[in-house]
Structures are given as C-alpha cells and as structure tokens.
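Just one chain follows, in the form predicted on its own, and it is written as structure tokens.
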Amino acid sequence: MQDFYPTRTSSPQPMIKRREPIIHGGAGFLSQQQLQRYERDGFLVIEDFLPPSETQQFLRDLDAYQQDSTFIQRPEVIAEPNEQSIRSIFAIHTLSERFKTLVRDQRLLSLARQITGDDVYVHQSRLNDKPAFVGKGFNWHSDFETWHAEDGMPAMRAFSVSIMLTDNQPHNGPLMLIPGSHRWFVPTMGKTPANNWQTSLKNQQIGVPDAESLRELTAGVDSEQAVPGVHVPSSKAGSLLIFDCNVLHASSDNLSPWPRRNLFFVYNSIHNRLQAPFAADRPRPEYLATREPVALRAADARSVTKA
C-alpha cells in the first residue's frame, strides 16, 4: 500500500500537507459552529458531558485497580517510570462493563459519524492516571504518526475522545495542543526499535517532532489556523475533549498535590482499518491497536446519561 506519510526516516524531511478532509460527515451531536471550530483548531471542549455521579463511579473503579496489587502486572497496564503506580490502563473498554457501555454512548457515536462519515470501531482505549507529585508528562507527538508507523493506520480518519474524570488545570499536568497542527504531518527521524511500545508508553523518544517544526506550527504555518501558539484546555471533571488524530499534543509533569485522571477512546473509520506497519518490523499488541475491529453502528448506541 502506498505510504503518503513517510516517517521514522534517516534524514530530515519537510512537513507534508494533510491529504484527507478533517470532517467527513454532516449533522449530528455537534452543532455546525462546533464542527467549524473543531475543523479549524483540531480539537474541541464540551463542558458538563458527564455529571459528577458518573465520573465518581469511574474514579471508584480506578481506585480499585490501583489497590489491586496484581492488576499492575497485567500487560495492558503501564506503570509510571520508577514507580509502582498505574500510568495507563489500555483496552479499558474490554476490562470493564461500565467503560464498554460508555464507548457506545449515543452522543459519542453520533459525533463519531459526523467526524468520520462512517461506522467506527474502537482503535484504542485507555485510562490515564497522572498521580499527584510524581506523575510524568508526555512528549510532543501526533497520535497518527505512531498509529501509522507502528500500527499501520493508512489515513487520517480517526479521532480521540478524552473525558476528564478530575479537574484538568494548568498546575496538574493537563494536555497541551497546537491549534491547526492537524493540517500538517511532521515526519520524524530514527528507526523504530523492536518492541518500542515497552518504553515509549513511559517515555517517548522515537516519533517526536523536531523543534523547528514545533516552532513553525506554533507560530501559525498558514492562514487557516485561528490562534497560533499552544492551547491548554483547563476544564472541570465531566468535560469532554475531542481531538483529531494528527493534532500535536503533549503534557507536563504533575508536581501538584492533585491527580489528573482522564479516560480516552479512539474511534477509527471501519474503512480505515490497520494494514502492516509503515515503519516498524511488526504490529503492536491487540490491546494497543485493534486489528480485528467490530463496527459500532447506530443500533449499538446506548444512552448512558444526560449531561
């Protein structure tokens, strides 16, 4: 299959203009104004998506996982570097009925069809727990760069849903995003090591964009970008953040006494299923990248709660 987004190269390569549309569908959960903002920036925050009663249930589940001394030994669980605390739990929707129900929420499936114009499946799900004082950050990256290079995702027809289970504030290591960066693919340098995910999910070194590209994108590479710079969506628990698969993002360490806990789902078009990796020797495990997808259609939608 032709590779339109070559990456992990041996020499520097120029940025590549995105080939695919950002919005593939039409009417749905998001208003026209919200769709336009998402198309412009590459991300969108919706407040009060889940009420406190719902977020508390998910937090109780996470506390139970943290207190189970055997749970951290599961392959789906990533520990904090040099710590015995959970950093991420992958394939969370396969481990918990509560999370499994949430991925089929009728509002999420409606906006998934708006953005992808298609039936979708869960490419990846995870629960990120950035503990107080010791939670480590994530380096700058495009999710699509990793999914393309290491999983074989052909095109940019996927997006992430992040539900904030705790308040995300500037002092507890929130997500940082570069508005408009989803319009450009930034090739990175360096061959993908064997079993790269075993270290990259704790401290990513391969697949990180170069400093000059980051400067160019934060300065505003074209007139379509609304507000150049870095945006930090500080929002309260229960808020929903949706962001394009190719938008550049990162997060800092959490040195505050308040944890930052977020739930993530990645919806991918059923017609954008994974091929052979474009820049890795073999695919990552199924719990990191679904290779045998099950489509989520309108008939699968469930009403979890009303915001």
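A residue's number is simply how far along the shown sequence it sits, counting from 1. What you see is a predicted model, and the numbers here were worked out from it, not measured in a lab.
One more form of this protein should be noted, the form predicted in complex with a further copy of the same chain, which is absent from this view; the next part is about it.
Proximity to a further copy of the same chain in the model of the complex, defined as a heavy atom within 4.5 Å, singles out one entry of 104, 171, 202, 236, which is 171. Of the listed positions (255, 27, 276, 64), a single one reaches within 4.5 angstroms of a further copy of the same chain by any non-hydrogen atom in the model of the complex, namely 255. Heavy atoms within 4.5 Å of a further copy of the same chain in the model of the complex belong, among the stretches 163-171, 114-122, 68-76, 92-100, to residues of 163-171.
Although the partner is absent from the chain shown here, 140, 218 and 251 each have a heavy atom within 4.5 Å of a further copy of the same chain in the model of the complex. The closest non-hydrogen atom of residue 211 lies within 4.5 Å of a further copy of the same chain in the model of the complex. In the model of the complex, none of the heavy atoms of residue 81 sits within 4.5 Å of a heavy atom of a further copy of the same chain. a further copy of the same chain is not shown here, and in the model of the complex it never comes within 4.5 Å of any heavy atom of residue 189. Residue 155 falls outside the set of residues with a heavy atom inside 4.5 Å of a further copy of the same chain in the model of the complex. Residues of 227-243 placing a heavy atom within 4.5 Å of a further copy of the same chain in the model of the complex, in sequence order: 229, 230, 232.
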